[in-house]
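Just one chain is shown here, as structure tokens, and it is the form predicted alone.
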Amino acid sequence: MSEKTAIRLENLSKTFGRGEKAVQAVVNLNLEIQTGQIFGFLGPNGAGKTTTIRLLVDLIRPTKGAAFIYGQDVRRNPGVLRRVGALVEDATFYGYLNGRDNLEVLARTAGNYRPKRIEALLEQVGLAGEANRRVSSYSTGMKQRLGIAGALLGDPELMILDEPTNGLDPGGRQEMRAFIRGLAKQAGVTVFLSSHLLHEVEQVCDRVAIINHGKIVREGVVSDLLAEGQAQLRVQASPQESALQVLQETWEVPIDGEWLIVSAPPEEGHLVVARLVTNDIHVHQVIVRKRTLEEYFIDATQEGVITKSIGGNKEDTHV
């Protein structure tokens, strides 16, 4: 393993309990994440996401297998975690201290107290104006922002974020997405992002893995995953009944309100339009619809545990 590999999981497994009460939270995970990527880790509640992260940062011991960061086994070489910033589950702080003082405690505990760095981070996460308030008065979103600042205190090369937009309003989530992209694209930080907000992951991540029942069921480049599957042509034409009769001669055409859903690949769009125009049917709109990451996620978590590469989302594109 080289420095080009930020994270590597080898047959990583975790079982809680024994005998009939044993629960396999993580089962033989094998995953490799390259330096500089924004990697999305997706799964329904209870799928094993947080357990995997806790194993990765050495908060719990694996039952079997190992987790490596920059080629170092985190169990045998815990010092490698100095290169990591992590926000695991909800951010927790001393409520009686203000935001600035909480960051100072974290920095001094780590032997890395730099007042200018703390002020810069408070500004970066949008808490400069709230730094003197007690954290007990912070909203959940503000605590998440403070947690991000705390994770960045040591200038990490790898950020591990568990639901970083939890508690943020839509504007805050948009700012956090831009912040995460900036970490990777401008600062060169590798980001491992666990989230259930698929739309956000779709917008910010380079690759994703989907975990279900403790096993990875899909993994791949987001754009490739979204390119998988049969695209559809959504056609709005009048008179609709005539359009339906003409198109059904060649394609399957279910109806969705004012739309005809033509089971044809995008490259046949011109054939669909030509067929309608030739038959004196007015074509108002033709839209290519591809799968969304959410639809892909639902399919992947319902199919079981067959590992396969994934592609992207369904987007609507006019042709």
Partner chain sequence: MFSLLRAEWIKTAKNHLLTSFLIWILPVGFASLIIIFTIMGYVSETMRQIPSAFSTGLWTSDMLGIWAVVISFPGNLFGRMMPLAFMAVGFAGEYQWGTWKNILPRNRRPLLIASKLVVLITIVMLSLVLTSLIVGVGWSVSHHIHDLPYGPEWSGEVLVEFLKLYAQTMLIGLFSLMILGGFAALSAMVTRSILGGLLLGFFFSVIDAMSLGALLFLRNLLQVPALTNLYQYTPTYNMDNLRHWFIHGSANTIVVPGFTAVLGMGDSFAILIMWVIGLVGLAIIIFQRQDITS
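Just so we're clear, the structure is a prediction, and the values are computed from it rather than from any experiment. Numbering follows the first chain given and starts at 1.
The same protein also exists as the form predicted in complex with its partner chain; that form is not shown, yet it is the one meant from here on.
- This chain is displayed without its partner chain, yet in the predicted complex the stretch 51 to 59 from 32 to 40, 280 to 288, 259 to 267, 51 to 59 comes within 4.5 Å of it by heavy atoms.
- Listed residues Leu183, Leu106, Leu122, Val204 were compared with its partner chain in the predicted complex; Leu106 is the one with a heavy atom within 4.5 Å.
- Proximity to its partner chain in the predicted complex, defined as a heavy atom within 4.5 Å, holds among Pro115, Gly129, Gly171, Gly79 only for Gly79.
- Among residues of the shown chain, Ser137 is not one whose heavy atoms approach its partner chain to within 4.5 Å in the predicted complex.
- Although the partner is absent from this view, Ala187 stays clear of its partner chain in the predicted complex, with no non-hydrogen atom inside 4.5 angstroms.
- Under a 4.5 angstroms non-hydrogen atom cutoff, its partner chain in the predicted complex has Val88 among its neighbouring residues.
- At least one heavy atom of Ala110 is located within 4.5 Å of its partner chain in the predicted complex.
- In this stretch, 162 to 190, not one residue has a heavy atom within 4.5 Å of its partner chain in the predicted complex; the partner itself is omitted from this view.
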